[in-house]
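As structure tokens, one chain now follows by itself in the form predicted on its own.
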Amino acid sequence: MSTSPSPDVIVCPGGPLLLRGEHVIADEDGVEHVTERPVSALCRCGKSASRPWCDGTHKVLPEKDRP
């Protein structure tokens, strides 16, 4: 019996996408960003000051505006 590996992408309800391992992310301008951390958080609310990365801004948004 084999165990399946951890997922590479995890959706956090109301929050970011968590990326495990190395990924290349293209932002809205087409600029590519390589993940350099074991786990990186990708913004889904569109309000982060450090897009494409999550800075926690979703936590202060009204619930109706969260992803």
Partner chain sequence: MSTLPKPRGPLSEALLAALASGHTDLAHVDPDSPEDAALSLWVLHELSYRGYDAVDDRLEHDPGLVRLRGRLEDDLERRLRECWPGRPAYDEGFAEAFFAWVAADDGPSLARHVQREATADQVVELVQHRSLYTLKEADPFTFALPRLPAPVRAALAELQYDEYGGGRPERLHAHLFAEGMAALGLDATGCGYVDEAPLEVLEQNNAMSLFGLNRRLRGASMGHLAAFEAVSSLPSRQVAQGLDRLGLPAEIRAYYEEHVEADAVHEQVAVRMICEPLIAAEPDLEDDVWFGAWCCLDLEARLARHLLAKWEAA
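Positions refer to the first chain, counted from 1. No experiment lies behind these values; they were computed from the predicted model shown.
There is another form of this protein, the form predicted together with its partner chain, and it is not shown here; the text below is about that form.
Asker: Using the partner position in the predicted bound form, report whether residue 31 sits within 4.5 Å of its partner chain, counting heavy atoms only.
Answerer: Residue 31: no contact with its partner chain in the predicted bound form.
Asker: Indicate whether its partner chain has at least one heavy atom within 4.5 Å of a heavy atom of residue 20 in the predicted bound form.
Answerer: It does: once its partner chain is placed as it appears in the predicted bound form, residue 20 has a heavy atom within 4.5 Å of it.
Asker: Residue 49 versus its partner chain, in the predicted bound form: is there a non-hydrogen atom within 4.5 Å?
Answerer: Residue 49 belongs to the contact set for its partner chain.
Asker: Would residue 12 show up as a contact with its partner chain in the predicted bound form if we use heavy atoms at 4.5 Å?
Answerer: Although its partner chain is absent here, residue 12 would touch it in the predicted bound form, with heavy atoms inside 4.5 Å.
Asker: Sequence order please: the residues of 46 to 63 with a heavy atom within 4.5 Å of its partner chain in the predicted bound form.
Answerer: Heavy-atom contacts within 4.5 Å come from 49, 50, 53, 54, 55, 56, 57, 58, 59, 60.
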